[in-house]
Every structure is written in structure tokens, then in C-alpha cells.
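In C-alpha cells, one chain follows: the form predicted on its own.
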């Protein structure tokens, strides 16, 4: 039996939860087979217990997490490189790097292409300005117009002397105004000489020094957003460096927050960023409030305030100061109503007017708003429910890792390393809840007129959700019977069942993610095949009518169909168009055997 450390080492470098293609799965399986052939490819790195989080199941080869210490070290290395390479002071090197967004290569290219132009643009003088004032014992500050000893006067390379008090106030105001203090220029309005970091830190207070250094640290990320971004989690101080073109945009920070590099929203694979932005905007927009008001209320005929009727008769009295009494159905004055118009619970005037088409437009608009609201509510409630289920599953996972796994180990006399299948199941549940949540946003924006795609989407989503519910129930309820009491022989059966459900659920969601990322393009394959077949038949029949033997046309059509069948076959259970290259026996969506 392998030790716990060996299993940890075997799983430390595996890919953990991103839905990848079959070739990538085969490669990862091949790498892991030397250490442990019985485990699934949903590994987890136990080398740092503080970093345990389901979102770490994403591949971490395409990004690097940077702490503030790492960023400061990179800044120091860049300054040192430019200082040594260009033979300039560290303060001047910092000015150049901030101007060129901390790109060492860009500084070198621009500097050697035209040094004079670069110096002029960033405010670096090649030689310090000489001044006869240095021989004076006293000088008049040109800002406060007070006389100060020369020792109390300061000037950058340009030679514009001002008193230390005025310089301190000038820099203090710039720091309080924001990150613009990093590109501070001389206090003389006619001068563009840069103020270096050394001069700033020597004049300001400790609080201002901390603010300035904070701006300087953050400039490395905020000036270089194409490669480095801050983690969007509240209170997180980590930055993420991303390598485009490798893997997906879904990243995970050390703080545990899983987010999309492209839009910096919560990780939302398989839904694209545009759909996510529209969905979030819709959830926050006032338009849904107006739709609800339009669908569930009517305006008072007198004061036009919206009124909701949730029970009672058709006699409505508006609130003070209006107090207008009217009929809810026809919106006419109640003084014109009574027994002759249908009493308190009906209105024949409304029915008559409706038959004449008087209320068609208003009713049509109200009905459209109601249908739109009901459709949005349908998807939003399921989106929100899966989010709350994911949060609950995440809490259960943390409880399992911190408390229950040890209890289960003692109860069933099993080492913790042999109970990893339980943690893997909870990791799968958390990840699948996130994916399932965003499929409802995808379904909301799926065009209504694409019936085939919608049917296929709803079927795939339903199968994946059903598999997830079975896994969740097994991990949540069936596990409780083994947490107390004595060791049972049925625990091995439970292990097999839970591991099997984890694997099946993973397959369902891999197929669902792959289909949605391809925009359900596989649904169009049977259509194209049907069109090709019908065109072949039409061509064959026209040749037959032209006097040629119909047998020849039949062979032509038959060869066309056999060619199609050799590359695709349609599952009778879910109608998915399987490729023979992927599977010629079992459907990759529902796992039903080919008939």
C-alpha cells in the first residue's frame, strides 16, 4: 500500500478540474499511471494545506500568483537591470520603467533608438544644471517668497531651488491626489524635469512615504494589465500573471477565488464573457423591475400611480390623496358600474370592449411583459439556487477536510490517504454546481427559434443535472451511515459507488461543457447530412428521369449515405451525432450502446 506522502507526490502536479479534450486526458492519465492507476484524473495538491480549495482543480501552468513581495522583487530586479545596462542612477531607472510600463525590453529599445527623445519625454536631464546660487548662503524661495538658508533649499536636476517646506507641501498634495505622483514634475510651471523617488521619500512624512510606495507597487500591475492583473476578490492582495494562448481563461488565486482572466468576473466556463456580462447587467438592471410593474400592476386612471391587485373584487380605491374609485378590469369610474355591469367580481363592459379590440394593445404589452418576466424568473431562480447549493457544498467540503475525514478514518479504520475518493467527490460537486449555474445563463440567451439546439441543450443539461444530484445525494446522505458506529463491510461497496458516480458525473459535465463551448455545433451535423442525402436522392431521380438506368443513381445515393455513416452515427436515445473517430460503439453523451 502506498504511503500518504507518496500519494501526495503522485497527485501534486496533476490537472484538477478543467474540462479538457480527450487527448489531454490521455496524456494526463499516462503521466499519473506510474504512481497510481486506480485514482481518477481529478487530483489535488496536498503540499500546502492552506491552499486547499476546489477552485485549485484548474490547471495552473498558464498563470503565476504574485504576492506583494514578489512584485517588489521584480521591480527591484528591473531597476537593477536598467541601472547596470544604461549606466544611470536607480532613481532615473525607476522614472524610465514607470514611463514604459515596467517593460525592460521597451526601455532598452526606445533608449538606444533615440536617447535624447526619451530623455525629453520622461524629463531626465543628461547633465545636472549648474547654478551660481550654490555659492550663496541664503536664498529666496520663489513659491513662498521667504528667505531661507541654502541648506534648507532643494532642487531636482533642473536647478530650480525651492524651500523644503514648499517642496514637502507640493509632493504631499500630489500623493493625496493619487497615483499621478509617480510621474511628478518640477514645481516650476515652465519646467518638465522629473522628480525621482529618492527626492520624494526624503521630503515627505512616513504616512506619505507609505502611500507613495503603495502606488509604486501597484503601478507594476495596473500599468501592465495585458499580462498582470489583481485578483478581484475583496481584500485580496495577490496579483496574477497570465500567459495567453495556454489553457482557458479560468484562473484560481491563492486566496481561493476562482475568476476569469478576460473579464475578471467569477469563473464562468463554458459561458463566454459577453453572455456573462449581459446576464449580470440584466440581474442588476431596473428593466426587470419595470417588467414586473407592467406585468403585475395597472396605473390609476386619475393619478397614474401603479397599483397591484393581489386579492378581492374588481372595485379598486386609489390611496390618498387621490382616492379615485375605478374598475380593475376596464379602468372605468366605479360610479358607472354596478349589478348591470356584472357586479363586484366581473365587468361586462370590459369583455365588450375587449371583443371590439379596445384593450388589445395594452393587454398584449402586459402579456408580453408577463411572459418575459416569467421566463427570466425561471432561469434566474435556478441560477441562484445552484449558486447557493455550491456555497453549501463548499462549506461541506471544508468541514469534510477539517473534521469529518479524520472521523471517518477512525470509524472505518482506513488511512486518510485511502479516503481521498470522498474529497474528490465533493470537489466534483462544487465544480459541477458552478458549471450548472452558468448553463442557465446560456439557456436564457439561446435563441427561441433554434428548437433543435434548445432540445439538445435541455437534454444534455438535464442528464448532467440528474447525474450531479445522484452524486450529491450519495456524498451527503449515504456517507452519514459510515461516520458513526463500527467499521462495516459495506464501506468498500460505498467506495465503489461514490467513485463511480464521480467519474460518470465528470463525463456528463465534460460533454456538456464541450458542447456549449462549441455552441452546440454538433446539432447541425445531422442537418447537413440530411441535406446532402436529399440532394443525392434528387440528383439520382433526375438522372433516372433523363433515361439513364435508375440502378446507377441508386448506387450513387447509396455510396453517399455509406460515406456519411462511416464518419457519423446518430444515437437513438439522445439523437447526438457521434463521430466514429471518437466512438463507434457507445454514445459519448448518454453512454448508450449503438443499436
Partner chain sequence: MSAATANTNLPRRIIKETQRLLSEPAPGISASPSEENLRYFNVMILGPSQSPYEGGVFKLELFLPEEYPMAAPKVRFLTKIYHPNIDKLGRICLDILKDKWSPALQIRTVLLSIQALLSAPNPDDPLAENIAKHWKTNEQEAVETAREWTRLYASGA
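Residue numbers count along the first chain shown, from 1. Model, not experiment: these values are computed from the prediction.
One more form of this protein should be noted, the form predicted together with the partner chain, which is absent from this view; the next part is about it.
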So if I measure heavy atom distances to the partner chain in the predicted complex, which of the stretches 494-502, 103-111, 262-270, 184-192 falls within 4.5 Å? 184-192
Among the candidates 279, 508, 457, 162, the residue which, in the predicted complex, approaches the partner chain to within 4.5 Å (heavy atoms): 162
Using a 4.5 Å heavy atom cut-off, which residue among 116, 336, 142, 469 comes into contact with the partner chain in the predicted complex? 142
So in the predicted complex, is the partner chain close enough to residue 73 to count as touching (4.5 Å, heavy atoms)? no
Hey, in the predicted complex, is residue 319 touching the partner chain, heavy atoms inside 4.5 Å? no
Looking at the partner-bound form in the predicted complex, is residue 173 within 4.5 Å of the partner chain by any heavy atom? yes
Is residue 301 part of the interface with the partner chain in the predicted complex - any heavy atom within 4.5 Å? no
